[in-house]
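Quick heads-up: it's one chain on its own, the form predicted alone, in structure tokens.
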Amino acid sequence: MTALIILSLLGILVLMMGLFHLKNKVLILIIPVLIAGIFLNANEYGLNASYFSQMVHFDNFAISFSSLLILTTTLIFGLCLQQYKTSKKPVEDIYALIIFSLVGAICMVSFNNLIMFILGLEIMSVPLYVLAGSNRENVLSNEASLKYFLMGAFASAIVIFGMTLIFGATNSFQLDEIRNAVSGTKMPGVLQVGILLFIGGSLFKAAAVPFHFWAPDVYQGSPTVITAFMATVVKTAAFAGLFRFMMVAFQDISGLWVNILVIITIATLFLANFSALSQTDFKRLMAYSGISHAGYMLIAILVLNMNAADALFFYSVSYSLATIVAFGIFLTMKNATGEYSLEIFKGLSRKNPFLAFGLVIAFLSLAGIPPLAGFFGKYFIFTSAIKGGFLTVVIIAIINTMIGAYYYLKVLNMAFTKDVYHSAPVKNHLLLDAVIVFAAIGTLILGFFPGLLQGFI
């Protein structure tokens, strides 16, 4: 809770610092405070404290996921200097909005009351509507902002309507009281509809089929660091929040939505992976990649037990680290060439072996190749699903893993080809390279020592 308060104050302070036009120098304040927030947050591990009349509950689940969200945001701020180094406009407001969005994400993973969930969802989402269109001279950015706003508002309305029906059936917004109200009783139809509406609206933020259609256009049009934020922090918060909701309130009646989620999971995996095969734009490729990973995360929600919670946490860590490495390398290449095509990676091993090696780690981890962290992320998800009786889903997921490996390896093949796409020099940048090194080493360490994160939840 201390970290949540400090981050809220940090966002206000950064917004006010815009008056002094400090631009990227404000990162000297932001990054250390975020790192301090991680330690303050971790210091509350094991306390299981509740605040605001038990509307938020910082148990081990909330502490673990909120620490991951803060760490991921810190790494993304490490990319911001490269993203906005040539910007002639103030960027303090952009940094403040990212921090406010992080505050909303933390509320989403620590809520114990549905009112706090929708507050967190909106606090996270509203800044993103602005951030997606923050590159005002770019038509695609304006389009991304409008699409994200309209579809996001529609999804929020669905979540609120679902919450209303749940309250009408249980007379409470508190998760434990809702659980007690439905325990051992036959659920009324209004409650079933409410649960399904809540799930559907939440899956919009997770970009799962059939709520995925916004992701490719919004990812493509948004500034790169904002795309990275949506692909990691927003996706992690959406799945952690949904898992918390289902685990605490409705674990005993999970049969209601299992068949529906199985269909959504399978459709998400196949549509995303087959769509990614034909992509030539990096950010659209990462959009479909993120959708496919949403399918793997959905398997944890199917299982819905503590083993699945551990598996979801490990998967979120491995996915976030690898995705940040990929976006960091792309940001360097995009600034060197001015292009977004996958072709910019051609001959990267000749021009910059350091970035090529980082790309190998990122994409092999995302593909689930051992011994990297992404392999064990899938392994933990799959083993928990098999124990939960979802063998068929796991087999389908393994098939999709092999399909997904093709488009990741296709990019790596470009990086190690003899042909060089662009003659422009690819320069290294200290802070961005530090982010890539940190995330890549984290991916390697978790691959060789996967037990490090087991039992945190």
Partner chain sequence: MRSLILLIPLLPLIGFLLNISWGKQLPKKISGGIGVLAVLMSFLLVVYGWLQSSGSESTIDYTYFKWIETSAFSINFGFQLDNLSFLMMSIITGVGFLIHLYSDGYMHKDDGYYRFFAYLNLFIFFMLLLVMGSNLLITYIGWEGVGLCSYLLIGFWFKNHEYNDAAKKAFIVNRIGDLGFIVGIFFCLLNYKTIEYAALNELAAGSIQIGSAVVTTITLALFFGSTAKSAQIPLYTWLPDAMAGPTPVSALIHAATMVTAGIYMITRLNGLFLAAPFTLDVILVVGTATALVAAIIATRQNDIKKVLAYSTVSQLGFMFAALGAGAFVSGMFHLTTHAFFKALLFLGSGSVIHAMSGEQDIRNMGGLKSLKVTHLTFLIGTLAIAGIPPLSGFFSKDEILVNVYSKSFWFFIILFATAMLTAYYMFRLYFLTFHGKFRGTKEQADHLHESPLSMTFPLMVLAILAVVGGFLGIPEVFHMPHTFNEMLGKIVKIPELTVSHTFEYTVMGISTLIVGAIIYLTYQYFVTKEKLPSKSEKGFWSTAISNKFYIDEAYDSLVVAPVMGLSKWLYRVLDRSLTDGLVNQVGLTTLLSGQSIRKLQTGRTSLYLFAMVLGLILILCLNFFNR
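Residue numbers count along the first chain shown, from 1. What you see is a predicted model; the values in this text were computed from it and never measured.
Beyond the structure shown, there is the form predicted in complex with the partner chain, which is absent from this document and is the topic of what follows.
Participant: Please name which of the stretches 171-179, 210-218, 102-110, 335-343 has residues with heavy atoms lying within 4.5 Å of the partner chain in the model of the complex.
Facilitator: In the other structure, the partner sits against 210-218.
Participant: Please check if Gln279 has a heavy atom lying within 4.5 Å of any heavy atom of the partner chain in the model of the complex.
Facilitator: Yes, Gln279 is a contact residue.
Participant: Can you tell me whether Phe39 touches the partner chain? I mean in the model of the complex, with a 4.5 angstroms heavy atom cut-off.
Facilitator: Phe39: no contact with the partner chain in the model of the complex.
Participant: In the model of the complex, does Ile115 have a heavy atom within 4.5 Å of the partner chain?
Facilitator: No - in the model of the complex, heavy atoms of Ile115 and the partner chain never come within 4.5 Å of each other.
Participant: Residue-level question: is Ile266 within 4.5 Å of the partner chain in the model of the complex, judged on heavy atoms?
Facilitator: Looking in the model of the complex, residue contacts with the partner chain do not include Ile266, since no heavy atom lies within 4.5 Å.
Participant: Quick one: from Met246, Ile158, Val126, Leu119, grab the residue that has a heavy atom within 4.5 Å of the partner chain in the model of the complex.
Facilitator: Selected residue: Ile158.
Participant: Between Tyr288, Tyr319, Phe330, Phe313, only one gets a heavy atom within 4.5 angstroms of the partner chain in the model of the complex; which residue is that?
Facilitator: It is Tyr288.
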